[in-house]
Every structure is written in C-alpha cells, then in structure tokens.
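Quick setup: one chain, the form predicted on its own, written in structure tokens, and binding and motion questions come after.
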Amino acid sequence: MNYDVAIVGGGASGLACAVRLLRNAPELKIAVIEAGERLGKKLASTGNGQGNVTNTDMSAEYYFGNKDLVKKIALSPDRISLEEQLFHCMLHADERGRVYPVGRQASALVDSLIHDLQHGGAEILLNTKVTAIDKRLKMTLSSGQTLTARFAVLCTGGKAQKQYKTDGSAYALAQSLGHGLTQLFPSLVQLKTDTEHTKILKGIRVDCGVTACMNGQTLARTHGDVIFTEYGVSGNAIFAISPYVADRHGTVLSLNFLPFDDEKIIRDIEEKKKLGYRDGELLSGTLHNQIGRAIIRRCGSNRAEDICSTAKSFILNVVGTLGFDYAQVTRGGVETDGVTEELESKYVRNLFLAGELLDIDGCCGGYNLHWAFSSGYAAADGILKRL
C-alpha cells in the first residue's frame, strides 16, 4: 500500500492534520491509521462529553514543556482560533473562557471531522497498529501488511487512559528513529493524599480554594469543587491543580474552606460559643457538618482564632496520583529538541510528530485539545510546503 501521507493515530491531532491536508490538497492520497475501533474516541469524551475544545484566555503560561514551541505552534495568529474554521458548527465560550460547541456534544465534533475525511476520500484503517517504521517511512502494520508513504505524521497520543489505545507503547516508534523520551507522569488526574483527617469526609463535595505548595513555595492556586475519596481528593479543582504537582515529590495541598474575612468567621464562632453550641458544632451552618467537625477535631482547640486558621489552611500531604489509567493527559513525551518549528523530525526527513506524543501538555480548560489541533495543523502545513 502506497500513500502520499500516512497519519498514525486517529485522535484530535491526527484528525486535524488530515482535515487540514484534504482541504488544501484534495488530490493527496491519505491514510489515517487508528489502533482503536473508531476515530476520535477520546475527543468524543472531552469536557465531560460536551467538547471543551479551546479557551479564550490562551497563553503559554497554561502549558508545560517547550513554551517557545507552544508560542510558535499554538499561539500563532493563524492558529489561536483555528477551531472556528476546523469544525462545521458554532462555538461558544462560557463564563470561564472554556469554548464548547453550542450543542454541547463532543461526539458531534468528531462527526464533523470524520465527514471531512470521508468526503475527501481519505482511507481509514481501524483496529490497526503500526508496529514498526523505518527511515524510508515504510511501516509494518499489526495485520502483517506493509505501507509506504512520502510523508508520515505520528499522532499516537501519550500514556494516559489506555482504554483509548494510548498505553504508551507508541513512543517506541519515535525512539526507534532516534528520538529521545522524557520521564512520563500522569496529569489532570485525581491525587492521593494522607487521609488521616479526611476519612470521615469520603463522598463529600465542597467548593473551596486549593493551593499547591512545595518547600514553603506556592506552586499554583485555584478554586472549585473538591471531592473527598478513600484515596485522597478528586474534583475539578484537583484536576486543575494536578499539573503543578504531577512531576514533583513532597508537595502539599492547602484547602481554604472559608475564603472570607477572618474577623467575620471568628465573630460567628464566638457567637455560637456564647449560645452554648458544643465544640464540634461551632462551624454548623457555615460548613458541611462533617467538614466542620473534621476541622475542629484536627485543630484540637475551641479557640475561634485556631479554628479559623485551620479552616483556611487545611493541609493534605500529596503522596501520589491515581495513575495513567485515570489521567486525562501525559506529562512528558518525545523530546521537543528533536523536532523543528514545523514539527518535522530532525532525524528523519518528511516525518512529523504532533499532539500529546510530544513533551508538551496543558492545564485543564481546553488547552490540551488546542495544542492537539494546532500541532496537527502545523504538521499538515509543513507537508503542504514540501509538495
């Protein structure tokens, strides 16, 4: 089988790359090779199935890895709002800048991309893995067949969520061609913490401030839902803070249950004491009763000032994450010093790498998908220049 372009991976970056090529060079013979049973499976689940594809507040500060490459690829003027041209639907930003299709259905985004592939005549190979690739861009498939291409794009994803056929095994393709690999960590993931003071809170959800610290230095702050679990903490605030602790040891979380003026909190506690409230109920009505009792028990004092201090800085030691199977993205990947600004391999001519496969990942809120789409576009643009 011979093709002009072989795209390995039918996720967000691979689909964006294929669509970009077909719209600009419809004569190309393109193959999209996907290890799973359907294209865009992970994309269809993004944003809790609602399709958070990008963010209006787009900046390199929300990315980890090679920020200069992010600026050139994802933040260039022609790509910063590429989603508006990529999908055949209207998009809308919520109050936090997260951009969704108006219909709030991520699967419709996948349908839009597949429509373009089918309309453009791309050949789609499902349930097919590339088991080997050489420098002539000859690929061996899991079926035993071989495939050759003038150009190849590796868009195989990372190691997160192996149910989407992203178990990390595809890194070996890039490594076999001379590319280096950084250490890998799960990110946008639930955190394991010490549970001595939170066992009784299992299943409780609370809206609070979360600060990640290490050696007395603040790594990041956020605010949102925290859910207490048997292993530690989950919730959107935890997913948002996890990228800042994913690759570090010895970090702690400080939960601020009461982001109000100290004087107001202390006055409320003192009033309850005057009314004869038991010590364990001094935060009753202010916080969930179980959380209030956990704070007072941990505080070990009925002094209003001490209770207030503990409620504003409830410390949890981070001991790990729930792992790659539960993570949304991978921290780390193929070293970016092995690719050009067009994402072409420096070791193999006409080979491009894009998406989560590379050592670039973003915060929660549409940043990872924007990197996937824009890097897929960048690879396509590099190919188009060489035709």
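Predicted, not measured: the structure shown is a model, and the values here were computed from it. Start at 1 and count along the sequence shown; that's the residue number.
One more form of this protein should be noted, the form predicted in complex with a small molecule, which is absent from this view; the next part is about it.
- Heavy atoms of K165 reach within 4.5 Å of the small molecule in the model of the complex, making it an interface residue.
- Remark: A327 counts among the residues lining the small molecule in the model of the complex, judged by a heavy atom distance of 4.5 Å or less.
- Remark: V153 does not count among the residues lining the small molecule in the model of the complex, judged by a heavy atom distance of 4.5 Å or less.
- In the model of the complex, the small molecule stays beyond 4.5 Å of every heavy atom belonging to A294.
- In summary, among the residues L28, L69, A35, A31, the only one with a non-hydrogen atom within 4.5 Å of the small molecule in the model of the complex is A35.
- Contact with the small molecule in the model of the complex, judged by any heavy atom within 4.5 Å, is made by just one of L82, V130, A304, L113: V130.
- Figure note: of the listed segments 306 to 314, 153 to 161, 191 to 199, 257 to 265, the one touching the small molecule in the model of the complex, with heavy atoms no more than 4.5 Å away, is 153 to 161.
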